[in-house]
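One chain comes next, on its own, written out as structure tokens in the form predicted alone.
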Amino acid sequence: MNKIRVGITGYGNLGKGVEYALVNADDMELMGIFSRRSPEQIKPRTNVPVYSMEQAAEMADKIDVMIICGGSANDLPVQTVELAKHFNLVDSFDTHAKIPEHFDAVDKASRESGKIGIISAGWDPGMFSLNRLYSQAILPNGSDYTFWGKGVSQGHSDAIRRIDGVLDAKQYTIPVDAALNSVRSGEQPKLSTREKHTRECFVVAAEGADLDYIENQIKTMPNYFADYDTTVHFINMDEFKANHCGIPHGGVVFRTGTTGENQKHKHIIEYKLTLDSNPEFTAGVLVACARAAYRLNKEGMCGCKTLFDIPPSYLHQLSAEELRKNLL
């Protein structure tokens, strides 16, 4: 069996997670890592060559699928569109409001090159999105609820680190138990942003920094903390390194609905993720989608796709016959 030849663009936490995930993908082979940093600065965990980003296009005939591991704010809107001119690819673009715009740009580039570009492959957007779709289709008369956490929000943590006087910080998003229990019981409550989640911050401040100023800047920060009940803890660097260096996350998607005569029967669909490592789980989704991208392109398809457009069997390493025998 010819293995699917894969490249990784970007070598942060997500890129390292993809490298590990490919070790467990018997039908795939990692051909190289591409980075904006000098290749000499990159030390892969596996024996794989490292190239500069400028060399990527030269490798188009040696890579079947490129997995792009940059950030959604600045990297992916540029990198995914540019690389779609040369490769089948997958990214984890997660700025929900800008997904239609990103889709259109990648679709145009992918159709012109005859390639497949799968975007927003992760757990939200991604697996949570897919479960919302299935649940709405099955229970059209109902309500959706999504809770995130308890887990580290990397974007919110970064926002705290940009405040003057902050040396390091982690922010945890925490579901409100009363709201979770209300949804889980089938009550279909109407919940405000503040009623669904709280935010807990662990901050290492510079010596002599104004702690009241830092706390106020956090709690009043628009689009991040102002709409939530937020708790700020100031700790030292030793405690931070000992207790807050991981990147756990997760969450729950609910669909509560009714069926039957007078809608008298209640139903609850619940899909839950508990993740020790957010980037390593996301990497697993990206690798599965890379397999699908390769298969779709082999069938002559091109353009941009999301998890909504991929037959589930195309994600799995087993053949359709094996899946029907073992999983159906």
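All values reported here derive from a predicted model rather than from experimental measurement. Heads up: residue numbers just count along the shown sequence, starting at 1.
Omitted here: the form predicted together with another copy of the chain. The next part is about that form.
Chemist: Report yes if all three of Tyr20, Glu280 and Leu307 come within 4.5 Å of another copy of the chain in the model of the complex by some heavy atom, otherwise no.
Modeler: Judged in the model of the complex, Tyr20, Glu280 and Leu307 all sit within 4.5 Å of another copy of the chain.
Chemist: With another copy of the chain left out of view, choose which of Met59, Met53, Ile269, Val50 has a non-hydrogen atom within 4.5 angstroms of it in the model of the complex.
Modeler: For this set of options, the contacting one is Ile269.
Chemist: Can you work out which of Tyr134, Phe234, Phe240, Tyr224 has a heavy atom no more than 4.5 Å from another copy of the chain in the model of the complex?
Modeler: Of Tyr134, Phe234, Phe240, Tyr224, the residue with a heavy atom within 4.5 Å of another copy of the chain in the model of the complex is Tyr134.
Chemist: So in the model of the complex, does any heavy atom of Thr259 sit within 4.5 Å of another copy of the chain?
Modeler: Result yes; Thr259 sits at the interface with another copy of the chain in the model of the complex.
Chemist: Even though another copy of the chain is not shown here, does His96 get within 4.5 Å of it in the model of the complex, heavy atoms only?
Modeler: Contact with another copy of the chain, yes.
Chemist: So, Asp276 and another copy of the chain: in the model of the complex, are they within 4.5 Å at any heavy atom pair?
Modeler: Yes, Asp276 is a contact residue.
Chemist: Within a 4.5 Å heavy atom cut-off, is Lys298 in contact with another copy of the chain in the model of the complex?
Modeler: No, Lys298 sits far enough from another copy of the chain in the model of the complex that none of its heavy atoms falls within 4.5 Å.
Chemist: Could you tell me which stretch in 224-232, 116-124, 172-180, 193-201 has residues with non-hydrogen atoms within 4.5 Å of another copy of the chain in the model of the complex?
Modeler: Result of the contact check: 116-124.
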